[in-house]
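Just the one chain here, the form predicted on its own, laid out as structure tokens.
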Amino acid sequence: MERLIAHCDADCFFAAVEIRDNPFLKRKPVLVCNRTDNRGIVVTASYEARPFGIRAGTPVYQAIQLCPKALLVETNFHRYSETSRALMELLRTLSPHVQPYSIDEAFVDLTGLPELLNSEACVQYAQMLQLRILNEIGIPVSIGIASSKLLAKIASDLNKPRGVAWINETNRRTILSKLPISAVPGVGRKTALRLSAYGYTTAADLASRSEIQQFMGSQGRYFYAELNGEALSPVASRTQPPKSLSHLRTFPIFTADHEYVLSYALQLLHELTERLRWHEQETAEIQLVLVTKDFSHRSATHRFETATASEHILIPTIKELFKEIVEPGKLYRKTGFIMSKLQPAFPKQYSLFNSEKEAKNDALNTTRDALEKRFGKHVMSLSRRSVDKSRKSTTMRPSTAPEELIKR
């Protein structure tokens, strides 16, 4: 039986959750930031903000210059995690085979549903699912349907936001021929440059030239099969815990500003520790990576005696690693982390001479997680020397907003 796989992708997820929880933000340029002062960066920009040229990674001070009426909201990852879990639970009512792909997207295996045998039925089903998610979860999503996961993911990106698309044998070649090779998930900048040198310019080239299987090995075989509609990668409803986690992101512009690079890195660290907690794991080794404008890499690694998922422990270590590898005058394009030696977050034995401090840190993390889950992210925050003492961590401050927006 031919596979039928849906890819459900929340539109502008972090901003959508904030807009859902605060109706005043509807139809306004909303910027979700790691912090709302001039040292912050934009994590997500709503669709109303994007025409101004604001994207993830844009410095807050620059975003305000581009869009003075933007409303700035600090991230609330506990709320995003709760919404993600609700979305996954809803999808599991449709099929036992649901594979979360990230905090805001998942694959759903719909194979065997006899009513979804033509494009019109598929589109109607996806629209019904969109409406149900909007009514029950309160966020908009885009949905792509195809016979493979890779094609389904491509389909969900075709008509964003709130888009629906079905890629089948009738329209597959036409759609792929219009997509640049860089639009294929898994094809990064370096891979795209390498392939373009051999005449691969569109997604259709990857699907039509069988020599890609020899040229790129297992990755080439994956692209060739999945883009031709063969479900080489099934929807895995039960996945093994990851052996490692990574999170690297390119800056919107090259920068030599060390404070900006470090702030950007700490935001990625926050997101990565959220993923660690999602998997109920801890890391015993973390690597900080910096990539310069000319693609040269520098990295530094630290191994912990006791595995952790606590930012309270990780941040001082990251700052020391940063000092080791950052170079004055260098222009940087990317930063991020690789966490390895992951293990389940079981109760642990504290060290002999530092047990009191470690126990206090764990108690602080547990208390912080519980408070944030109940009252929101800003009820409690870690102290940072670089933060202005006058800044209130319990507020979310749009650049221009009425007084009722200041308090959660």
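The first residue of the sequence shown is number 1, and the count goes up from there. Since we're looking at a predicted model, the values are computed, not measured.
Unshown form predicted together with a small molecule; subsequent notes refer to it.
Asks: Of these, Arg172, His270, Arg249, His97, which has a heavy atom no more than 4.5 Å from the small molecule in the predicted complex?
Replies: Residue within 4.5 Å of the partner: Arg249.
Asks: Which listed residue (Lys69, Arg50, Lys341, Lys26) meets the criterion of a heavy atom within 4.5 Å of the small molecule in the predicted complex?
Replies: Selected option: Arg50.
Asks: Are all three of Val108, Leu151 and Glu226 close to the small molecule in the predicted complex, meaning a heavy atom of each within 4.5 Å?
Replies: No residue of the spot touches the small molecule in the predicted complex.
Asks: Of the listed stretches (211 to 219, 227 to 235, 328 to 336, 100 to 108), which one has a non-hydrogen atom within 4.5 Å of the small molecule in the predicted complex?
Replies: This holds for exactly one stretch, 100 to 108.
Asks: Report whether the minimum heavy atom distance between Asp9 and the small molecule in the predicted complex is within 4.5 Å.
Replies: Within the cut-off, so yes.
Asks: Under a 4.5 Å heavy atom criterion, is Val60 part of the interface with the small molecule in the predicted complex?
Replies: No - in the predicted complex, heavy atoms of Val60 and the small molecule never come within 4.5 Å of each other.
Asks: Would Arg277 show up as a contact with the small molecule in the predicted complex if we use heavy atoms at 4.5 Å?
Replies: Judged by the heavy-atom cut-off of 4.5 Å, Arg277 is well away from the small molecule in the predicted complex.
Asks: Lys160 near the small molecule in the predicted complex, any heavy atom under 4.5 Å?
Replies: Contact with the small molecule, yes.
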